[in-house]
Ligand code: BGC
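First, one chain by itself in structure tokens, the form predicted on its own.
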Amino acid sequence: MKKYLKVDPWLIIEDNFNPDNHRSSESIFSIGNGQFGQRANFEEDYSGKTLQGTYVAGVYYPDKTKVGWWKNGYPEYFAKVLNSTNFTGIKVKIDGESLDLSKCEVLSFTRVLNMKEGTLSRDFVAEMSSGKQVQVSACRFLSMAKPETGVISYSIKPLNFDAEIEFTPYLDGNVVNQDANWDEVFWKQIKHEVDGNEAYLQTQTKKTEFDVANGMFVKSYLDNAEINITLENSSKEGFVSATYKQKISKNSELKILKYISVLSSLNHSRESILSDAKKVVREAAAEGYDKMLADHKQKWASIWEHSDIIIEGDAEAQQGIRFNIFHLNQTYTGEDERLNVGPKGFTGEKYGGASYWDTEAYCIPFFLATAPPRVSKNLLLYRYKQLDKAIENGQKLGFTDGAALFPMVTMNGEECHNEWEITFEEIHRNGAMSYAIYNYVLHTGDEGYLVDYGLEVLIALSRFWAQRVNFSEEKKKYVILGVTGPNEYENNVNNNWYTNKIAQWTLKYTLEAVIKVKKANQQKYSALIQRLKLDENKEYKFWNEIISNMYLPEREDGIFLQQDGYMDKEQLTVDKLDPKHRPINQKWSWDRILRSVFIKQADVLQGIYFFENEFSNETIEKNFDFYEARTVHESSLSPCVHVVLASKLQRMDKAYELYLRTSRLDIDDYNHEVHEGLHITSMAGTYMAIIEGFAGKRVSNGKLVLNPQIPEKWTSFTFKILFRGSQLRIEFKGGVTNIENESEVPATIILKGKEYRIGGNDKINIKI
């Protein structure tokens, strides 16, 4: 854990410059707007350790896999969301000397991420090698209101001398990915133009041929009065710039506003994209900084109105949850069903920026509660539209008859992950796809989704599970062999409890969906099974047989076994681990990890979390105590599940401890890896920890259930939730629950086991 940032309910503040923290800060202070984003790289040159990163949603490259041998079924590439044109850069010279905080003495430094308003600002005073001191103020935002634009305000003031200041704002398309398998350059230039205070650059990815056009429009100011400066334009392959020189007096301030546009061929034709980039950036410059900022802040105010959680009495907890909500909303806005939520979002290169099962298991619950149903529906449609590719993925591994295996990692539906123990064995991801459909219908009541899209996916998933099981003559049960469960510190195991459980459940839910769709629209159902060549009698009968005879390993005392042979391991607990060995994924060999009892993340407990209603409290408690003691939580997805279950068991000390871990995972760098980027998808788990954990939110028979518990340090917490057309504001304070229905749609709430009806635009106060 590394704590160097100040605690504030709405701000992330770094109040001194330490080069050792710089790459971590570049991740933490990242900004985005759903369509593009960037790490918090400095505008001016920085020769110290840095990871330059600017990313455009949906634009990727198939980087050829680098392995020493090839296996049948291996994907040929790993898809990467690319580091694209650096539009942030502004070279600064002071009397001919370059400004570089790696080479200056930094006398004061403050960097602030304003989560309420979505701005990143930086103020510092630096002393050059010549002894000259300058004060710099910079602020930038990527517009949520006009998501193809952004603005950078950058000003400099000489403090102890008269100076000639030289600004060179630029667009640099000559960028590389640090994680390129073959050190390949992924971009080629199509066009570049520079004319006075405007410059434009159009680049294209190799192979995939995505075009991205960037524009910049620069205005200059002296002591807040706009001025015209003679410019020196420069351009070369993949690079355009304009240089501004101005002599100013001591304590005068020279400022430039750099308006930028970022357009991709996902939304523009290749032929018009450059002219469109010009139009967009010129309109932004004409609108002006103040108006653009006001619109951007208003958009964030609207987002916070629906998704904020207010915690009283605990500033660390408050800052943590808002940090998570902020990054989720600037990563994915739900406007485009072609996009998804990458595990690192716009904050780094690790995991390639592609989609994982994290979205279905963790992110959809967040968006279901905080955004209109279409947002979650778009995430489901992302997978539905890739169903053909999922069937192809299954065919590559020998599955037939429309059996689908959704990829572990993907951009376009093709599998692009090439670690055998993940690609071929972590098949539980298919279960997350089916559970997401269930969760969406459960929360929205939109059973029409099953008719139009969902049942087709469920049938393809069920066909996969029906082919992936085999009957064990010894056990007289159906088994699933050679898998990796959610706990990736175990590979190639037999009968992972969670995998077997979610396979069984998927088959059962598919058959339930069949009944619903038949009843809702017999004509569409008949057309579907005819198109899928589904033999109802044969296939449904077999699925029922598997459901009734699935092997689920269990000890006599009610402990579900993570997999066959788990008890053969030396049964140590985490409290016996020497702290110098943590995290074990950075200190131990992989062989040692695989032989150990230690668990990376919720596995059995992931299944208990999903299917909680099937188990008694006694069973949940036994399994929680057994597995939490063996879990090192070295996956970002782990703590939140444990918070939900600990809260249910009224283990509030443990729940609060793990809540801080999940909510401040990146701010305090628990796993010593924040320099690689943030854990965006697990941030949705932080929301789950509060809403499903401390608030005890569930859905039962179409009604919202709440069983709140307030952590000891909190005096209250308040949130809003969208549920089946109602928008409810819920406050737990002391022994009182205040619920206000901010919509016209009435709602029924079950609070601590008692049912309450809340009319449209009504409110109730309940002592509990």
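The structure displayed is predicted, hence computed values, not measured ones. From 1 onward, residues are counted along the sequence shown.
As for the form predicted in complex with the ligand, it is not shown, yet the points below apply to it.
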> Pick from 147-155, 207-215, 273-281, 599-607: which stretch has non-hydrogen atoms within 4.5 Å of the ligand in the predicted bound form?
Replying inline: 599-607
>> Please tell me whether any heavy atom belonging to Gly693 falls inside 4.5 Å of a heavy atom of the ligand, as the geometry stands in the predicted bound form.
In response: no
> Contact between Tyr356 and the ligand in the predicted bound form at 4.5 Å, heavy atoms?
Replying inline: yes
> Wondering, does Tyr351 line up within 4.5 Å of the ligand in the predicted bound form on heavy atoms?
Replying inline: yes
>> Taking the ligand as it sits in the predicted bound form, is Glu488 in contact with it (heavy atom to heavy atom, 4.5 Å or less)?
In response: yes
> Pick from Met408, Leu645, Ala361, Val262: which residue has any heavy atom within 4.5 angstroms of the ligand in the predicted bound form?
Replying inline: Met408
>> I need to confirm a contact call. Of Ser635, Ser121, Asn439, Gln330, which residue comes within 4.5 Å of the ligand in the predicted bound form, counting heavy atoms only?
In response: Ser635
> What residues, if any, in 332-346 have a non-hydrogen atom within 4.5 angstroms of the ligand in the predicted bound form?
Replying inline: Pro343
